[in-house]
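Given as structure tokens, the chain that follows is alone and in the form predicted on its own.
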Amino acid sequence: MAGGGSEDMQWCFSQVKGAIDDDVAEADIISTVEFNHSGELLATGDRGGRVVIFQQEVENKSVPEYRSEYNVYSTFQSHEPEFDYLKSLEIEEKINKIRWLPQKNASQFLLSTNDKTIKLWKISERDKRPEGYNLKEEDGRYISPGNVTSLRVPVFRPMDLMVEASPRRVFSNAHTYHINSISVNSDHETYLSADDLRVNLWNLEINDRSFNIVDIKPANMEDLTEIITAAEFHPHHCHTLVYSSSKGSIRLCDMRASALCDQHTKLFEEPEDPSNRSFFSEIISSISDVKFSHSGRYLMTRDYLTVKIWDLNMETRPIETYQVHEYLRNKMCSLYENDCLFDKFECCWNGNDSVVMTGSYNNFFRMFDRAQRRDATLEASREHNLPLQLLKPRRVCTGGGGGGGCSKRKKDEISVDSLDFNKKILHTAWHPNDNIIAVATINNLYIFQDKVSDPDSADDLSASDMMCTI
């Protein structure tokens, strides 16, 4: 199982995908990242509606400490721009989410969605082709039956491997508002899709109708006080799901109690500290992502400043709270003006739920070791892209005085005033069975792996250097 505590490992560079040009096309911006259930395949979606799938190659036995690389396996256009003539609304092709289905045969299946339409794709391989037709020439021309003088038995001949992506079903016309989440149920027969005000339940075999299980739309839209920001099924219980809101609350629903889940079973909400109340409180408390742990015992939520871990048996407060970039609290005004305050950061668990990861600005990403209560700030940068090059922890300091100041800044420290807010890591993913992580910058996908420390190497960082006590 992936992931001992981060204290036991060091992270090093493995690969980077994408162009190095400073001029980034809008269509090339990565909008989602997702490993499949085995970790063999890694899918990314972008704002141009494309899905790129990378496959993990066979490991190099001559370099045992070096994980196998991910190379392009398949690329296809999932969504095209559309126009809703009834509402005079342009529908972007941007891929909002990708979710893999568990593999049941030689083919792989995944769901991809833009703002309005969900598609089920089949990814299959073909390495043989039929030859020897009786009524067709090799170039495809048909032969008149009267010209056939002898019968042949068609045979399969080897050919170069071809990976085909074909749409199996299109699920559309069920969402009035923009889809923000899709989640495959543990029964492998159904999945949910959520937009700002509704959660729908679909059967994977039926694409012309869905069942609305959550609807928070008020009779008068002027009474609207919150929206749905994310939703996910429980990893083991097919009747349980959660959805988060822009007010910072998480509602757990049990479909055994009621097929219509407008009335939640549990409400997870932390009382606000009056001393921290400000104009921006409601914005930064909005939850941008919610994830069940692999065990199903815990929930992880990400708001603008923190990652919180909730125990499903305790609704009153989170059992763990991790500060992602608390140093930005004094910069709320400028972050509001440049719209960064509305960025939606995702979060993920490692394979055994002992470490959580999420993104930040300046191409930084954060890891939190739950058992050791330690954290690390690492950077995805092309300046450190030699194979197996260790990632050195970064530190953000505030002000210009002593203590946390920057008057005598070390090499790996950076002032909060020097952070580049145009460089941000919103999307992260962790291999389900290994210590391999994928983080997306604007248009680049970075892949990092853990490296077993060599006691004879003076260059290796000690565990205490890698992680800072929370």
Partner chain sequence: MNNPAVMTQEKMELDLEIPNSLVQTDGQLRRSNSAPMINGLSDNCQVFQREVLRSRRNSTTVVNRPNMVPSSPIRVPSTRLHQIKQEEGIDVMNRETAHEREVQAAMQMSQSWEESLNLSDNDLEKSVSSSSPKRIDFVPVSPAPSPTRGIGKKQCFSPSLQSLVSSNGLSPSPIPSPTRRFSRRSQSPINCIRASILGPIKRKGEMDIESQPKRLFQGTTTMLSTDIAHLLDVSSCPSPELLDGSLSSVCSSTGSPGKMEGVSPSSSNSPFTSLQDLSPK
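Nothing here was measured: the structure is a model prediction, and the numbers come from that model. Numbering follows the first chain given and starts at 1.
What follows is about the form predicted in complex with its partner chain, which we do not show.
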Only one of these stretches, 355-363, 125-133, 322-330, 233-241, has heavy atoms within 4.5 Å of its partner chain in the predicted complex; which one is it?
125-133
If we define contact as a non-hydrogen atom of the residue within 4.5 angstroms of the partner, is residue 76 a contact of its partner chain in the predicted complex?
yes
Is it the case that residue 87, even though its partner is missing from this view, gets within 4.5 Å of its partner chain in the predicted complex, heavy atoms only?
yes
Would you classify residue 106 as touching its partner chain in the predicted complex, given a 4.5 Å non-hydrogen atom cut-off?
no
Using heavy atoms and a 4.5 Å limit, would one call residue 169 a contact residue for its partner chain in the predicted complex?
yes
Among the candidates 277, 152, 209, 373, the residue which, in the predicted complex, approaches its partner chain to within 4.5 Å (heavy atoms)
277
Name the residue from 267, 162, 314, 257 that puts a heavy atom within 4.5 Å of its partner chain in the predicted complex.
162
Residues from 286-301 in contact with its partner chain (non-hydrogen atom within 4.5 Å) in the predicted complex
none
